[in-house]
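Form predicted on its own, single chain, as structure tokens, below.
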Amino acid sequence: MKKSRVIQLLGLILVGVGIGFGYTNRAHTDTGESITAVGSTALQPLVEAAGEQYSSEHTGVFINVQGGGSGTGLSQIQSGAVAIGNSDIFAEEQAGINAKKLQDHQVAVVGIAPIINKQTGIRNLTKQQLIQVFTGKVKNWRELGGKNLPIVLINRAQGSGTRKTFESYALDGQKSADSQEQDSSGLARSIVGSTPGAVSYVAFSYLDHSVTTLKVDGVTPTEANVRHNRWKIWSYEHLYTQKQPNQLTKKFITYILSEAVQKKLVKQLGYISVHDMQVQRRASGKITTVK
């Protein structure tokens, strides 16, 4: 009898040890790695999609992606609050950012196009007309051959890389007139689509049939025209990191630059691979031909 009780006791001990090991092992495997990327909403769809793919291929790894605009991304990475700062602009272009302390990873190119409500009746503007619209010198679409509708400007918020790029290369450096501002490209597009007379600008990845995409000087905003700089409203998509990013951050950026992402995901989402560009643009705006 005593022998039987001893055997039962030993059995219970072994079961307890096994359960304890199981919980310990599960706790170990459930301890995931994660990084956070914050900033450009124009770049957000690509980083989100690449992050989901990466996580599906690497169990226990999580890539958290948030918007907020390029200015937010740059300030957050400079302060060390996040692993990656997503930006449509060079760090050198943003006031208060010390670009020398950051590492630039150019992962794609994004074209930016002006969009207009479908009821307006306009499909093409000269660059001068576009400047007049956004600087408030023209107030009604009828003045430009469209319908009798007041022009309703929808801008991206201050600090947006999309806005900075648009003002630099569509408006020749002039500032857009005061107007309502939106924090995301998706919301700007939604408002333009539902507001007669409304006009804004979004990354190519946000273009759809809910709005009319404008030509400028007869040039259509297409990938081919961006690659050769015939369409001049474009920017690099930057993932900024600290000079010495952690291993997961390095691996994720390497993944985004891999053929698996550059040849498939980048193009599927409406971006242009950095490897396909026929020109290079520096932070100063200078354009050179790729040799």
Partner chain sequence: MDKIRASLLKKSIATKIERRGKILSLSCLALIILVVFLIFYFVASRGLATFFQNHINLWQFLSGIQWNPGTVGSNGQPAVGALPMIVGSFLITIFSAIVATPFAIGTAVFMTEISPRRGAQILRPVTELLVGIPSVVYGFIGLQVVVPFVRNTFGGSGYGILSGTFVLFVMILPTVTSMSADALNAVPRYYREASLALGATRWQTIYKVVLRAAIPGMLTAIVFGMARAFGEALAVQMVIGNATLLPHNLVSPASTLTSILTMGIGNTVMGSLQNNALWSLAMILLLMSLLFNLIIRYIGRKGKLNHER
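Positions refer to the first chain, counted from 1. Being a predicted model, the structure only gives us computed values, none of them experimental. The term rigid core refers to the maximal set of C-alpha atoms that superpose within 1.5 Å between the two forms.
Below: the form predicted together with its partner chain, not depicted.
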Checklist line | Interface residue in the model of the complex among Leu102, Leu187, Val138, Leu171, criterion: non-hydrogen atom within 4.5 angstroms of its partner chain | finding: Leu187
Item checked: Partner-facing stretch of 120-128, 192-200, 103-111, 213-221, counted where any non-hydrogen atom is within 4.5 angstroms of its partner chain in the model of the complex -> 192-200
Next item on the list: Classify Ser75 as contacting or not contacting its partner chain in the model of the complex by the rule of any non-hydrogen atom within 4.5 angstroms, answering yes or no.
Entry: yes
Next item on the list: Mark Gly159 yes when one of its heavy atoms lies within 4.5 Å of a heavy atom of its partner chain in the model of the complex, and no otherwise.
Entry: yes
Note to self: Whether Val152 contacts its partner chain in the model of the complex should be assessed with a 4.5 Å heavy atom distance threshold; does it?
What the structure shows: yes
Note to self: Taking any heavy atom pair closer than or equal to 4.5 Å as contact, tell me whether Gln182 reaches its partner chain in the model of the complex.
What the structure shows: yes
Checklist line | Sequence-ordered residues of 84-115 touching its partner chain in the model of the complex, heavy atom within 4.5 Å | finding: Gln94, Ala95, Gly96, Ile97
Check: Superposing on the rigid core, is the CA of Thr220 displaced by 2 Å or more between this form and the one not shown?
Finding: no
Next item on the list: Examine Ala108 after superposing the rigid core and state whether its CA is displaced by 2 Å or more between this form and the one not shown.
Entry: no
